[in-house]
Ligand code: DGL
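The chain below stands alone and is given as structure tokens, in the form predicted alone.
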């Protein structure tokens, strides 16, 4: 099965995208709701969490790991690939590749948690692909807790999004990377505040496309993965809001299981 983890509810956008791209594949999701957000934690702490989450998913039968967390992807990818003998996918590379492909002016904006933005990983990878690009980044530390609380349409959320996006708007970017898998949940709001002319890159869709391409090109792995249409959802701390958001995003009768670790 395909294993996906995130610090909380945001990774469900990746689960949704994977379900659309790979219908029928068995999946197991872990949301580390007890320790969210990752974006405020140190590099060492995030790496430690990512290792623990991966071990949990592999114990549940995952043959592929998808880090549906930009904060973890920005610091833990190399560690996970060295430590575990399974394919590990991160959300940053596919978004970067798409931004280089679709940007007309090479003026790219990135929003994310402090950990992601401070790592400089997006700017580094974009400039490796296109040295002529200009990358403008803005940390948005309040968006993850607002999304976790379900404040998708609150006036406070609208005001904060507008404030965070203003520095990027005046830089006249033509492409904006949503550098956190929580952000697609409020994508319509972000699109409204940044302007219709700016192309939005949803990292959850980009990584789902990359995983699909990998399986299309690796038939041996595709044969190994189970396809019973079963998805399990685990959280480190159960909350009614998480369950409500999960049902809103994915529909159906979703059963959350709380881990004991």
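Under this definition, the rigid core comprises the largest set of C-alpha atoms superposing within 1.5 Å between the forms. Numbering follows the first chain given and starts at 1. Keep in mind that what you see is a predicted model, and the values were worked out from it rather than measured.
Just so it is clear, the following notes concern the form predicted together with this ligand, a form of the same protein that is not shown.
Heavy atoms within 4.5 Å of this ligand in the predicted complex are found in one stretch of 129-137, 75-83, 173-181, 97-105, which is 173-181.
Using a 4.5 Å cutoff between non-hydrogen atoms, residue 49 does not count as a contact of this ligand in the predicted complex. Within 4.5 Å of any heavy atom of this ligand in the predicted complex lies no heavy atom of residue 54. This ligand is not drawn, but in the predicted complex it has a heavy atom within 4.5 Å of residue 144. Taking the partner from the other structure, this ligand in the predicted complex has no heavy atom within 4.5 Å of any heavy atom of residue 31. Residues from 28-67 that approach this ligand in the predicted complex with a non-hydrogen atom closer than or equal to 4.5 Å are 36, 37, 38, 39, in the order they occur in the chain. Taking 2 Å as the criterion, residue 22 does not count as shifted between this form and the one not shown: its C-alpha moves by less than this amount when the rigid core is aligned.
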